[in-house]
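A single chain comes next, written as structure tokens; it is the form predicted alone.
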């Protein structure tokens, strides 16, 4: 095999980084006020001081809740290798009480090299878990229960028996455990019953979108090549210099702002960078602003704009007429009203694009099938379609943007839309 091209090697390195949550979130864990530091303090206190804790990690999907928890657990297992037992449950799989208790018993048996019985009843599993909590507490071992999709456990039928049993068992001085709930619902703790809530410690950590400074630091961490590596030194300098030029460019900052306005989670940012890196030119071996522009357009697809771009000239006229009626504060309009506006435009500007009413009705129906327009209300279904009130399903800015990018849009329509 020939020697690997530096560009391909750089591409594989950056892709590997983007797929490694530990590498991604490590730089965000440094500050003392970071979520990593807060969570590690709470869990490590349980290990060192032998106390019980419960905490909720709340934030949108892709914000790094599970990744930060994995970082914390991994670091604590290195620091206290014989003092931590990890039990993982997921609300999508284990929200049913019997299933949850059986899974906890199975993981505890596997962790402590015990024989697990598939035929054990609910009560037997429950008693076994309480006994294991007591024995681990006496041996100064902490059991960390990770409940992913925590809200599913709270909403499951069975009066939240799993949550109550775990939190109630943790009231004993002999137990030593931490319950960590992960949820994308910010009101997850409000779903708890009174008896469960009274045993919950009400600690919550919110995972907010990263700040601009954190994003800049993350981009440098992910995209810069290491100086002390097997890459040619000249290539590393050139590659890193190019990354600095891109990230400091105002056009890149505008692109990033546009993207983060749509989805500001770390996970979505990683997908955006992954797409940009994947389109890197292997001949030059360098990233370019065009790579990020391509990634942005592929990730921020706007079906409504694409629908407008695919419209015929007649359909564009009808959309403009509907928009003009809305500007005139005509709260309710139907196909007949739109046709009157269409005729007014034709008479005023003597346009060549004038079609018969039956042709316009077919175009109107096509717009409705494409879900660019719809009926304003469900009533009057027995009424003929042309007399039923209609409304636009696209905003004025979307219509304007779609028409500007349309290959054959008449200039008069853009003028009519602006006035």
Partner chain sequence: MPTIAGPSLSPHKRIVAARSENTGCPRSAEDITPRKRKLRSDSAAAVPTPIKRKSPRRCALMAEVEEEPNGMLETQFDCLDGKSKWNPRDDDQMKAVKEALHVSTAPSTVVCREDEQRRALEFVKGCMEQNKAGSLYICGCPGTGKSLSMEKLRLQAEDWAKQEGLPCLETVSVNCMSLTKTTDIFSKVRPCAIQIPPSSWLIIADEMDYLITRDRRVLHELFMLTTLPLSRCILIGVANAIDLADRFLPKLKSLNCKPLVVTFRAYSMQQIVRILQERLVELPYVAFQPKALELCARKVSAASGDMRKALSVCRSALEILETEVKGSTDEEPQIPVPEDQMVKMDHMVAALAKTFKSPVVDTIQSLPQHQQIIVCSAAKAFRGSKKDRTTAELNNLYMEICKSSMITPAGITEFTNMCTVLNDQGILKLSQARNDKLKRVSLRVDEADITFALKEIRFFRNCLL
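The term rigid core refers to the maximal set of C-alpha atoms that superpose within 1.5 Å between the two forms. Note that the structure is predicted; figures quoted are calculated from it, not measured. Positions refer to the first chain, counted from 1.
Heads up, the form predicted in complex with the partner chain isn't pictured, but that's what we're talking about next.
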Next item on the list: Would you kindly say which of 328, 253, 195, 244 lies with a heavy atom within 4.5 Å of the partner chain in the predicted bound form?
Entry: 195
Check: Which residue, 140, 112, 212, 340, has a heavy atom that falls within 4.5 Å of the partner chain in the predicted bound form?
Finding: 140
Item checked: Interface membership of residue 165, the partner chain in the predicted bound form, 4.5 Å heavy atom rule -> yes
Next item on the list: Classify residue 187 as contacting or not contacting the partner chain in the predicted bound form by the rule of any non-hydrogen atom within 4.5 angstroms, answering yes or no.
Entry: yes
Margin query: Even though the partner isn't displayed, in the predicted bound form is residue 53 close enough to the partner chain, meaning a heavy atom within 4.5 Å?
Written below: yes
Checklist line | Partner proximity in the predicted bound form: residue 171 to the partner chain, non-hydrogen atom cutoff 4.5 Å | finding: yes
Next item on the list: Could you tell me which of 224-232, 342-350, 287-295, 116-124 sits within 4.5 Å of the partner chain in the predicted bound form, going by non-hydrogen atoms?
Entry: 116-124
Margin query: Suppose contact means any heavy atom within 4.5 Å; which members of 196-232 contact the partner chain in the predicted bound form?
Written below: 198, 199, 201, 202, 203, 204, 206, 208, 209
Margin query: My question is whether residue 326 is one of the residues whose C-alpha shifts by 2 Å or more between the shown form and the other one, given a fit on the rigid core.
Written below: yes
Checklist line | Per-residue C-alpha change between the shown form and the other one, residue 69, threshold 2 Å, rigid core fit | finding: no
